[in-house]
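Below you'll find only one chain, the form predicted on its own, shown as structure tokens.
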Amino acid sequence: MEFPSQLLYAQDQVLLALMIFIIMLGMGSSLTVDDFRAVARSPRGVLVGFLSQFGLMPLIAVSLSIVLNLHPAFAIALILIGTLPGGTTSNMFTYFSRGSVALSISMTTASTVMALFMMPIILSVYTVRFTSQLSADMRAAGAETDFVIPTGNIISSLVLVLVPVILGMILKRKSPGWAKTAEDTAGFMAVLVILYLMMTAFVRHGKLFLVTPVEVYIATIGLGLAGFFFGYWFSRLIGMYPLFQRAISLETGIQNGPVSFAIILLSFNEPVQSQMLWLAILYSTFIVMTSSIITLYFRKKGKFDWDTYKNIQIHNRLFGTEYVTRYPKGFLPKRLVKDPSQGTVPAAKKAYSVSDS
């Protein structure tokens, strides 16, 4: 597959950097110090999310790369995306799917910080066979050096994209109104980034869509779908409750695509940079589509337990945090009996008592 020497022009990269800054600023604007404290107080859901994010997703990415026999540059990009944290997009889809937004934000917070440590380790372990192939190809072409994963550059890139997150947290503390505006803008900005990159790539390099191997399309679509599937069933298998299951599923499948653009542009050089960037663009495009479908399914399936949860919240506001909502025996489906209602309020831990009458 022949690739253009430069997929994005200089002005595109400047605009992309600005968009990434706004997205990460918005993400930071949704966080407070209490969110980090909540992670420490209720670690179970975050731990499950951590295992899904940094355990399942990299393994899925490696498996897809091997089974589909992807070109090494595509394989490394897929594994890199598989190790990324979640972002504001996953929080937005969790909200619309009637999942636990509190857990989604906690997972995003924890995974963004942990990515600094986990990404270099995972990439160094899982990309060995692909870096070896690239090194062999480079030497066959006359190069005198081997291809290595630029771990230092990747860490620097992650630190760089965390700066606007910290600025967003400061903004939320100083000016909650402006922080809310930045937060609301971030999720939609992520979609605009993808649309912009797709349109510019189509106008300048339209033939790429035709010559891209079908295996690459399968990998980019399959990574997200597998993340949704395994995140949902893993959390369900260990006894997480429905609102948690939906949050973990979406947080696992939706990786922070804009951050992958930043890492690739700041850490890798041609000829692999454009190939990696192209796969990241395709993943980010298809994840928006598949997330929308999954969200509609979750939203419909979770209507009853979401309504029950909101009903309990209203009762607690009206009658106090010690009030226990009781339902007639048999009214609640089995999945909701003794459900602590995702633990967003202390009283919810008692809320699903079932009346004996």
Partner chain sequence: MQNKSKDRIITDNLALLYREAASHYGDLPAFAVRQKALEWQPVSFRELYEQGMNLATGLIDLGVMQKEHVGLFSDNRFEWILTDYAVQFCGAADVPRGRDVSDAELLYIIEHAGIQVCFVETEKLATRLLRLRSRLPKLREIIVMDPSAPNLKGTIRLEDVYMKGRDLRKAGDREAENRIAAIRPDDLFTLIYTSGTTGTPKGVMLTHDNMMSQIRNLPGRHGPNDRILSVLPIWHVFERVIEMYTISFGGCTYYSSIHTLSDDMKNVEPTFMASAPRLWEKVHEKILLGVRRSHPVRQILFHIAYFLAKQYKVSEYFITNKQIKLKPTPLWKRAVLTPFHVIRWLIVLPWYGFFNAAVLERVRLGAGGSLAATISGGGALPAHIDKFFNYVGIPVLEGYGLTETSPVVSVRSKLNLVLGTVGPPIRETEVRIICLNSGKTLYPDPADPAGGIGKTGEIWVRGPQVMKGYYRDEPLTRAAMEDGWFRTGDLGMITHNDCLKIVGRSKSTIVLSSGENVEPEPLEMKLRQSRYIDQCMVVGQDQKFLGVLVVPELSAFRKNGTQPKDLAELSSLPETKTIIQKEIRQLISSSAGFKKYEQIRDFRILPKPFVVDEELTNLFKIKRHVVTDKYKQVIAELFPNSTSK
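On a predicted model such as this, the values are computed, not experimentally measured, just so you know. Positions refer to the first chain, counted from 1.
What follows is about the form predicted in complex with the partner chain, which we do not show.
Interface residue among W178, Y217, W233, F209, judged by heavy atoms within 4.5 Å of the partner chain in the predicted bound form: W178. Interface membership of N311, defined by any non-hydrogen atom within 4.5 Å of the partner chain in the predicted bound form, is confirmed. Proximity of F50 to the partner chain in the predicted bound form falls outside the 4.5 Å heavy atom cutoff. In the predicted bound form, at least one heavy atom of D184 sits within 4.5 Å of a heavy atom of the partner chain. Taking non-hydrogen atoms only, V125 never approaches the partner chain to within 4.5 angstroms in the predicted bound form.
Just one listed stretch, out of 155-163, 76-84, 91-99, 255-263, contacts the partner chain in the predicted bound form at the 4.5 Å heavy atom level, and that stretch is 91-99.
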